[in-house]
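In the block that follows, a single chain appears as structure tokens, in the form predicted on its own.
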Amino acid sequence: MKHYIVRPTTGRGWGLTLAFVVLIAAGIWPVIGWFNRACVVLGLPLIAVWAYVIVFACCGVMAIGNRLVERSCDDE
């Protein structure tokens, strides 16, 4: 029987998984409701700034994950 969910096997993998779960949670309703206010930050609505923060944080986590994968491939 095939397993469709692949679980991380290392601590680094679990850390990256936790980081992605936190970022996903930051982009859904309860958190979005906190930032959906009539407030302007740096000339943008607060919700737009929050969306940029989530996008850049996702890019950062993916870059870190890519470096960790490269490093673990070199170890083998």
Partner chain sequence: MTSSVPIIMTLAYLGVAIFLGLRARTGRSMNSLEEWGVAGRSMGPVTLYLLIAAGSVSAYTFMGAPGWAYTKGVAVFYVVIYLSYLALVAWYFGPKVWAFGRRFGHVTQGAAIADRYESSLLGALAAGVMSIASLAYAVLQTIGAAYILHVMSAGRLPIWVGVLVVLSCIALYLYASGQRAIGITNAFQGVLMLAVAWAIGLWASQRFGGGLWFGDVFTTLRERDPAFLTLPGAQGDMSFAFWTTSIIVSMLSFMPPVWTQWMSASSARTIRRSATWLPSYYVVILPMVVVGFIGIYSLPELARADTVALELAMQQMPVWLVGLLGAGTLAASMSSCEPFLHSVALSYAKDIAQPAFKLSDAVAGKLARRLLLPIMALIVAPVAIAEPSNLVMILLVGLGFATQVLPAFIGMFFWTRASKLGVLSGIVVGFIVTLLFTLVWRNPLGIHAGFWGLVVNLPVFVMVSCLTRPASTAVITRFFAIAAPTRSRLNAESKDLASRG
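Fair warning: this is a prediction, and the values are worked out from it, not measured in the lab. Positions refer to the first chain, counted from 1.
Keep in mind the form predicted together with the partner chain is missing from the figure; the text below concerns it.
S.K.: Is the gap between Tyr52 and the partner chain in the predicted bound form 4.5 Å or less for some heavy atom pair?
M.R.: Output for Tyr52 is yes: heavy atoms within 4.5 Å of the partner chain.
S.K.: Does any part of Gly65 reach within 4.5 Å of the partner chain in the predicted bound form? Heavy atoms only, please.
M.R.: Flag for Gly65 set to yes.
S.K.: Flag Phe56 as yes or no: does it have a non-hydrogen atom within 4.5 angstroms of any non-hydrogen atom of the partner chain in the predicted bound form?
M.R.: Phe56 belongs to the contact set for the partner chain.
S.K.: Indicate whether Ile24 is a 4.5 Å heavy atom neighbour of the partner chain in the predicted bound form.
M.R.: Contact check for Ile24: yes, within 4.5 Å of the partner chain in the predicted bound form.
S.K.: Going by the partner chain in the predicted bound form, which residues of 16-55 come within 4.5 Å of it through any heavy atom?
M.R.: Sequence-ordered list: Leu16, Phe20, Leu23, Ile24, Ala26, Gly27, Ile28, Trp29, Ile32, Gly33, Asn36, Arg37, Ala38, Cys39, Val40, Leu42, Gly43, Leu44, Pro45, Ile47, Ala48, Ala51, Tyr52, Ile54, Val55.
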